[in-house]
Ligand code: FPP
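First, one chain by itself in C-alpha coordinates, the form predicted alone.
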Amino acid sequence: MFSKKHKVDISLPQHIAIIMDGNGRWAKKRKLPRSAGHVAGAKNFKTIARYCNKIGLKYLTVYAFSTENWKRPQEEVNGIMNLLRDYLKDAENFKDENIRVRFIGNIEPLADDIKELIHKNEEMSKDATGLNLNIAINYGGRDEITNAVKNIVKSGIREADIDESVISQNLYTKDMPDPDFIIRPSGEYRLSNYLIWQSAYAEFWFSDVLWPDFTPKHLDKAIEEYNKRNRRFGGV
(Lines give C-alpha, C1' and ligand atoms only; values in the text may rest on other atoms or scores of the structure.)
Protein backbone atom coordinates (compact mmCIF):
# COMPACT_ATOMS: atom_id res chain seq x y z
CA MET A 1 0.00 0.00 0.00
CA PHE A 2 1.01 3.61 -0.46
CA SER A 3 3.46 4.74 2.21
CA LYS A 4 4.58 8.26 3.09
CA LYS A 5 7.46 7.71 0.66
CA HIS A 6 4.96 6.82 -2.06
CA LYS A 7 3.14 10.09 -1.50
CA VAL A 8 6.39 11.93 -2.21
CA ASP A 9 7.38 9.91 -5.26
CA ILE A 10 3.97 9.02 -6.72
CA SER A 11 1.42 11.49 -8.03
CA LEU A 12 -2.21 10.42 -7.72
CA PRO A 13 -4.51 10.95 -10.69
CA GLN A 14 -7.29 13.37 -9.80
CA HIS A 15 -10.00 11.06 -11.11
CA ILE A 16 -9.87 7.28 -11.56
CA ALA A 17 -12.66 5.39 -13.31
CA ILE A 18 -12.97 1.61 -12.96
CA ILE A 19 -14.92 -0.91 -15.01
CA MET A 20 -15.71 -3.54 -12.39
CA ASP A 21 -15.64 -6.57 -14.69
CA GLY A 22 -15.21 -10.30 -14.24
CA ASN A 23 -17.62 -11.20 -11.44
CA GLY A 24 -19.35 -13.92 -13.46
CA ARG A 25 -16.09 -15.50 -14.61
CA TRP A 26 -14.75 -15.37 -11.04
CA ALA A 27 -17.75 -17.41 -9.92
CA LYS A 28 -17.54 -19.83 -12.86
CA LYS A 29 -13.88 -20.60 -12.08
CA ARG A 30 -15.00 -21.63 -8.59
CA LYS A 31 -18.05 -23.58 -9.81
CA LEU A 32 -20.30 -21.09 -8.05
CA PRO A 33 -23.45 -19.35 -9.31
CA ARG A 34 -22.92 -15.97 -11.00
CA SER A 35 -24.68 -14.34 -8.06
CA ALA A 36 -21.76 -15.35 -5.82
CA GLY A 37 -19.43 -13.44 -8.12
CA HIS A 38 -21.55 -10.31 -7.85
CA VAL A 39 -21.58 -10.60 -4.05
CA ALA A 40 -17.78 -10.88 -4.04
CA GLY A 41 -17.50 -7.98 -6.48
CA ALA A 42 -19.74 -5.77 -4.34
CA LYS A 43 -17.65 -6.53 -1.27
CA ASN A 44 -14.47 -5.66 -3.15
CA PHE A 45 -15.98 -2.40 -4.37
CA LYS A 46 -16.26 -1.25 -0.76
CA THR A 47 -12.65 -2.25 -0.09
CA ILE A 48 -11.29 -0.34 -3.08
CA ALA A 49 -13.46 2.73 -2.44
CA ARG A 50 -12.26 2.96 1.15
CA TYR A 51 -8.66 2.54 0.05
CA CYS A 52 -9.03 5.33 -2.51
CA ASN A 53 -10.37 7.58 0.23
CA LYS A 54 -7.49 6.60 2.51
CA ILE A 55 -4.78 7.51 -0.01
CA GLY A 56 -6.39 10.84 -0.82
CA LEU A 57 -7.94 10.26 -4.25
CA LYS A 58 -10.45 13.00 -5.04
CA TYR A 59 -12.71 11.25 -7.56
CA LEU A 60 -13.55 7.58 -8.17
CA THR A 61 -16.20 6.52 -10.68
CA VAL A 62 -17.21 2.86 -10.90
CA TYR A 63 -19.29 1.10 -13.56
CA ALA A 64 -21.84 -0.90 -11.58
CA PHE A 65 -24.69 -1.54 -14.05
CA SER A 66 -24.91 -0.51 -17.70
CA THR A 67 -27.87 0.28 -19.92
CA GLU A 68 -27.07 -3.01 -21.70
CA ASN A 69 -27.05 -5.11 -18.53
CA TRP A 70 -30.86 -5.30 -18.55
CA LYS A 71 -30.40 -7.98 -21.24
CA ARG A 72 -29.02 -10.39 -18.66
CA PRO A 73 -31.24 -13.10 -17.13
CA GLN A 74 -33.90 -11.57 -14.88
CA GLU A 75 -32.67 -13.53 -11.88
CA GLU A 76 -29.20 -12.04 -12.27
CA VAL A 77 -30.57 -8.51 -12.71
CA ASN A 78 -32.69 -8.92 -9.59
CA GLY A 79 -29.67 -10.12 -7.66
CA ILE A 80 -27.62 -7.08 -8.71
CA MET A 81 -30.45 -4.74 -7.72
CA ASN A 82 -30.73 -6.43 -4.33
CA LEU A 83 -27.00 -5.93 -3.81
CA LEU A 84 -27.49 -2.25 -4.63
CA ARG A 85 -30.30 -2.10 -2.04
CA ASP A 86 -28.07 -3.71 0.57
CA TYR A 87 -25.26 -1.25 -0.16
CA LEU A 88 -27.58 1.74 0.05
CA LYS A 89 -29.15 0.55 3.31
CA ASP A 90 -25.73 -0.15 4.79
CA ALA A 91 -24.20 3.13 3.66
CA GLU A 92 -25.51 5.01 6.70
CA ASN A 93 -23.16 2.93 8.86
CA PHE A 94 -20.23 4.49 7.01
CA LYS A 95 -21.37 8.12 6.99
CA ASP A 96 -18.40 9.09 9.16
CA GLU A 97 -15.92 8.01 6.46
CA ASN A 98 -16.20 11.41 4.75
CA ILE A 99 -17.06 9.98 1.31
CA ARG A 100 -19.49 11.85 -0.90
CA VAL A 101 -21.63 9.43 -2.90
CA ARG A 102 -23.34 10.34 -6.16
CA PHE A 103 -25.05 8.24 -8.79
CA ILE A 104 -24.72 8.82 -12.52
CA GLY A 105 -27.00 7.32 -15.13
CA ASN A 106 -30.74 7.21 -15.73
CA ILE A 107 -32.20 6.08 -12.42
CA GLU A 108 -35.84 6.52 -13.49
CA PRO A 109 -36.36 2.84 -14.52
CA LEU A 110 -35.15 1.65 -11.09
CA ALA A 111 -37.57 0.51 -8.39
CA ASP A 112 -39.05 3.31 -6.29
CA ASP A 113 -37.43 2.13 -3.07
CA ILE A 114 -33.99 2.13 -4.74
CA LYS A 115 -34.53 5.65 -6.07
CA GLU A 116 -35.55 6.80 -2.60
CA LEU A 117 -32.43 5.23 -1.08
CA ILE A 118 -30.25 6.83 -3.76
CA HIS A 119 -31.62 10.30 -3.00
CA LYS A 120 -31.22 9.68 0.74
CA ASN A 121 -27.57 8.64 0.33
CA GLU A 122 -26.74 11.58 -1.90
CA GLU A 123 -28.32 14.01 0.54
CA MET A 124 -26.71 12.36 3.58
CA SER A 125 -23.19 12.55 2.12
CA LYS A 126 -23.38 15.87 0.25
CA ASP A 127 -21.15 17.75 2.69
CA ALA A 128 -18.36 15.16 2.78
CA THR A 129 -14.96 16.53 1.81
CA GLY A 130 -13.05 13.30 1.14
CA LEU A 131 -13.44 10.99 -1.84
CA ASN A 132 -16.11 11.85 -4.40
CA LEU A 133 -17.52 8.43 -5.23
CA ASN A 134 -19.64 8.18 -8.38
CA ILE A 135 -21.58 4.97 -8.96
CA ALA A 136 -22.75 4.47 -12.54
CA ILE A 137 -26.15 2.74 -12.50
CA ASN A 138 -28.18 2.18 -15.67
CA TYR A 139 -25.42 4.15 -17.33
CA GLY A 140 -24.37 4.19 -20.97
CA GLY A 141 -22.06 6.69 -22.64
CA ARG A 142 -24.14 7.03 -25.79
CA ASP A 143 -27.33 7.35 -23.74
CA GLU A 144 -25.66 10.08 -21.68
CA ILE A 145 -24.65 12.07 -24.77
CA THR A 146 -28.13 11.62 -26.29
CA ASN A 147 -29.71 13.00 -23.11
CA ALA A 148 -27.24 15.89 -23.11
CA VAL A 149 -28.23 16.83 -26.67
CA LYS A 150 -31.92 16.71 -25.75
CA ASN A 151 -31.30 18.96 -22.74
CA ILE A 152 -29.38 21.45 -24.88
CA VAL A 153 -32.19 21.56 -27.46
CA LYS A 154 -34.82 22.03 -24.74
CA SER A 155 -32.83 24.86 -23.18
CA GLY A 156 -32.95 26.81 -26.44
CA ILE A 157 -29.21 27.42 -26.67
CA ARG A 158 -28.28 28.82 -30.08
CA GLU A 159 -26.20 26.60 -32.37
CA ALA A 160 -23.42 29.21 -32.43
CA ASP A 161 -23.17 29.04 -28.63
CA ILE A 162 -22.80 25.26 -28.40
CA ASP A 163 -19.25 24.18 -27.66
CA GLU A 164 -17.56 21.36 -25.74
CA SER A 165 -18.13 23.08 -22.39
CA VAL A 166 -21.88 23.29 -23.05
CA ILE A 167 -22.02 19.59 -23.80
CA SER A 168 -19.91 18.74 -20.74
CA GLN A 169 -22.21 20.75 -18.50
CA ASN A 170 -25.17 18.68 -19.68
CA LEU A 171 -23.58 15.32 -18.88
CA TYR A 172 -24.10 13.36 -15.66
CA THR A 173 -20.54 14.27 -14.69
CA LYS A 174 -20.99 18.03 -14.93
CA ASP A 175 -18.87 19.98 -12.45
CA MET A 176 -16.44 17.06 -12.16
CA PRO A 177 -13.03 16.72 -13.81
CA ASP A 178 -12.79 14.15 -16.59
CA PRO A 179 -11.11 10.89 -15.56
CA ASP A 180 -7.34 10.91 -15.91
CA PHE A 181 -7.08 7.15 -15.62
CA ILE A 182 -9.42 4.29 -16.56
CA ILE A 183 -8.82 0.82 -15.15
CA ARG A 184 -10.38 -2.37 -16.47
CA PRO A 185 -9.65 -5.71 -14.84
CA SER A 186 -10.76 -9.08 -16.26
CA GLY A 187 -8.73 -9.29 -19.46
CA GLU A 188 -11.09 -7.29 -21.67
CA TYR A 189 -9.73 -4.40 -23.74
CA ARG A 190 -12.68 -2.13 -24.48
CA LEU A 191 -14.61 0.76 -22.93
CA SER A 192 -18.02 -0.93 -23.18
CA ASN A 193 -19.87 2.38 -23.62
CA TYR A 194 -18.33 3.84 -20.46
CA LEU A 195 -17.56 7.57 -20.14
CA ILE A 196 -16.92 7.80 -23.86
CA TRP A 197 -17.03 11.62 -23.93
CA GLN A 198 -15.06 12.07 -20.72
CA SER A 199 -12.32 9.57 -21.61
CA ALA A 200 -10.99 11.55 -24.60
CA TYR A 201 -7.57 12.04 -22.97
CA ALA A 202 -7.65 9.39 -20.26
CA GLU A 203 -4.86 6.90 -19.77
CA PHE A 204 -5.90 3.22 -19.76
CA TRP A 205 -4.68 0.27 -17.71
CA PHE A 206 -5.86 -3.29 -18.34
CA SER A 207 -5.31 -6.38 -16.22
CA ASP A 208 -6.21 -10.07 -16.41
CA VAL A 209 -7.18 -10.00 -12.71
CA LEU A 210 -10.91 -10.51 -12.22
CA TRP A 211 -12.64 -7.74 -10.29
CA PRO A 212 -13.30 -9.68 -7.04
CA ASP A 213 -9.54 -10.44 -6.89
CA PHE A 214 -8.48 -6.84 -7.63
CA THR A 215 -6.69 -5.61 -4.51
CA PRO A 216 -5.27 -2.29 -3.29
CA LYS A 217 -1.86 -3.64 -4.35
CA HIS A 218 -3.14 -3.93 -7.93
CA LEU A 219 -4.39 -0.35 -7.70
CA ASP A 220 -0.98 0.77 -6.43
CA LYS A 221 0.67 -0.98 -9.38
CA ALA A 222 -1.72 0.70 -11.81
CA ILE A 223 -1.05 4.15 -10.34
CA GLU A 224 2.69 3.56 -10.51
CA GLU A 225 2.27 2.73 -14.20
CA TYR A 226 0.19 5.87 -14.67
CA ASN A 227 3.08 7.91 -13.29
CA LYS A 228 5.35 6.57 -16.04
CA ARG A 229 3.07 7.91 -18.79
CA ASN A 230 3.89 11.13 -20.62
CA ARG A 231 0.60 12.99 -20.86
CA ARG A 232 0.97 15.52 -23.70
CA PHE A 233 -2.71 16.22 -24.48
CA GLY A 234 -1.93 16.61 -28.18
CA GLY A 235 1.22 18.64 -27.60
CA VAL A 236 4.86 17.70 -28.03
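Because the structure is predicted, anything quoted here is derived from the model rather than measured. Residue indices: 1-based, along the sequence shown.
There is also a form predicted together with this ligand; it is not shown, and the following applies to it.
In the model of the complex, no heavy atom of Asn193 sits within 4.5 Å of this ligand.
At least one heavy atom of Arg25 is located within 4.5 Å of this ligand in the model of the complex. In the model of the complex, this ligand stays beyond 4.5 Å of every heavy atom belonging to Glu97.
Among heavy atoms of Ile135, some come within 4.5 Å of this ligand in the model of the complex. With the partner omitted from this view, the residue of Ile48, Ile183, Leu60, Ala64 that lies near this ligand in the model of the complex is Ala64 [heavy atom within 4.5 Å]. Comment: 66 to 74 is the region of 50 to 58, 165 to 173, 66 to 74, 197 to 205 lying near this ligand in the model of the complex, near meaning a non-hydrogen atom within 4.5 Å.
Annotation: in the model of the complex, residues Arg102, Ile104 and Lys126 none come within 4.5 Å of this ligand through any heavy atom. Taking this ligand as it sits in the model of the complex, the stretch 31 to 55 comes within 4.5 angstroms of it through a non-hydrogen atom at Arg34, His38, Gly41, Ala42, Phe45.
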